[in-house]
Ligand code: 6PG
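The chain below stands alone and is given in structure tokens; this is the form predicted on its own.
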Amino acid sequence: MANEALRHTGLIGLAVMGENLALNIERNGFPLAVYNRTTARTEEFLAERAAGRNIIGESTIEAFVNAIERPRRIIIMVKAGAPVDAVLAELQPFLDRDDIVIDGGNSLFSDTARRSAEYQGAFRFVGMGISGGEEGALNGPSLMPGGPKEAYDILEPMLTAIAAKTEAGACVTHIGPGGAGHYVKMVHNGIEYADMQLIAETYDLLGRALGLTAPEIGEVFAGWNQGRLSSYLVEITAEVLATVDRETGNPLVDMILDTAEQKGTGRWTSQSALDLGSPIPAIDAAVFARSMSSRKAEREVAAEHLFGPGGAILATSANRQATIDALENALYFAKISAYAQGMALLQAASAEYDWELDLAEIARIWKGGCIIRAALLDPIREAYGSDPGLANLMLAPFFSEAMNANAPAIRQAVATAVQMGIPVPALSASLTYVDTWRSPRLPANLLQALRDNFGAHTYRRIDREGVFHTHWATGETELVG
């Protein structure tokens, strides 16, 4: 299948994301070679979607590598985990130290760091997060490449060409060394989990507390998308809720089983946050909400034995709009809280792994192409651009004012949900995060006293320096450090 002209780039893996990215690369002027483990898949792609394009396919790894100009640029689009390791092992014998291999899948950042070390000297390894789904891969994703800066400099013209574009530029930047790119993509997905859960809980409140139908809720979200909640996820929420099932004539969303799946990036975000001691309760709540949704049979049994408060629809037509407006404010508050948690986690990881992440740049490249693109990213970018060392997003004047103004609304929303027995784990966690962050004194003093009582774990005092231990049965206290 090969011809004599060398290709600018090679791509391995022709599932939907790989196919679309290949077409994007070629459309932007970069001749391409492709390879898939199943040769029939390569032939099908070339005959159908790639017909007439400047794309060739090869049936062996060796022929594929030899079809690419030096230094070779090879993008791997295969399932994360063992498949990536298998492809890298297969590639290595045919590569030179100056060649660049890009893992464009959703790999765990620690795997990327391991592979960077393992193949150092054999070739240059780049872990690149790609966000935007199928449509983004084809028409312009947000790209988060991490790895050697000199490798990024070689890749930059192509990556800039294929990335989404906004008034702030192409949605790509060099994130940092090692696993930094995949880490930022992981946190992006964690924020995405929280954002989707917050939207779902707001939809549930609009339906169960106000009695709105799915199309009516869709109209609410469509209106919200014209203002400060403008975002891709709010936009497609309105689209989903307006869609009618052709078979039944009912809103399609009402016909979908209420069990949510997950691929792991949200869980990885929670695990990393625990390792770094950086709290992300809204993201954690979203991860566990999906887990609980999957226990459909258990929930149905529990509904027969555990009873909630019930309650009538809250709002009449007279005060319905005021309640809807309050829920808009509550969702805005919660979204800011979720972004603040994610950005704080990025700061913690940057310090731990010495990545020197530029949070303003990260907010900039999330403005287009990616799933969490939103109007909210403009003030986030401005906040970190003005103060790169900002301890928490909520301390920036724009956001502290927004949180103070909208706090009554989210308190009302959470209180209403509790009174009616409607679960709102992410909305509650978003509020609790803020309330905890703004509390100069927490009951951790009692926790530390209890730890010292049963395990002699010691404590510090507020009135003097040193580390103390108390013999609680007698009240005798001693300075131990």
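Keep in mind that what you see is a predicted model, and the values were worked out from it rather than measured. Numbers follow the displayed sequence, beginning with 1.
What comes next is about the form predicted in complex with this ligand, which does not appear here.
So, Asn139 and this ligand: in the predicted complex, are they within 4.5 Å at any heavy atom pair?
Taking the distances in the predicted complex, the answer for Asn139 is no, it never comes within 4.5 Å of this ligand.
Counting only non-hydrogen atoms and a 4.5 angstroms cut-off, does Ile371 reach this ligand in the predicted complex?
Ile371: yes, in contact with this ligand in the predicted complex.
Residue-level contact is defined here as any heavy atom of the residue lying within 4.5 Å of this ligand in the predicted complex; does Ser272 satisfy this criterion?
No, no contact at 4.5 Å.
Taking heavy atoms only, is Arg290 within 4.5 angstroms of this ligand in the predicted complex?
Arg290: contacts this ligand in the predicted complex.
Which pick from His188, Arg364, Lys335, Arg72 sits with a heavy atom within 4.5 Å of this ligand in the predicted complex?
It is His188 that has a heavy atom within 4.5 Å of the partner.
Going by heavy atom distances of 4.5 angstroms or less, which of Val126, Ile130, Ile162, Ile283 would be at the interface with this ligand in the predicted complex?
That would be Ile130.
Look at the stretches 326 to 334, 95 to 103, 400 to 408, 190 to 198 and give the one with heavy atoms within 4.5 Å of this ligand in the predicted complex.
Every other range fails; the passing one is 190 to 198.
Within 4.5 Å of this ligand in the predicted complex, which residues of 40 to 61 have a heavy atom? Give them in sequence order, or say none.
None of them.
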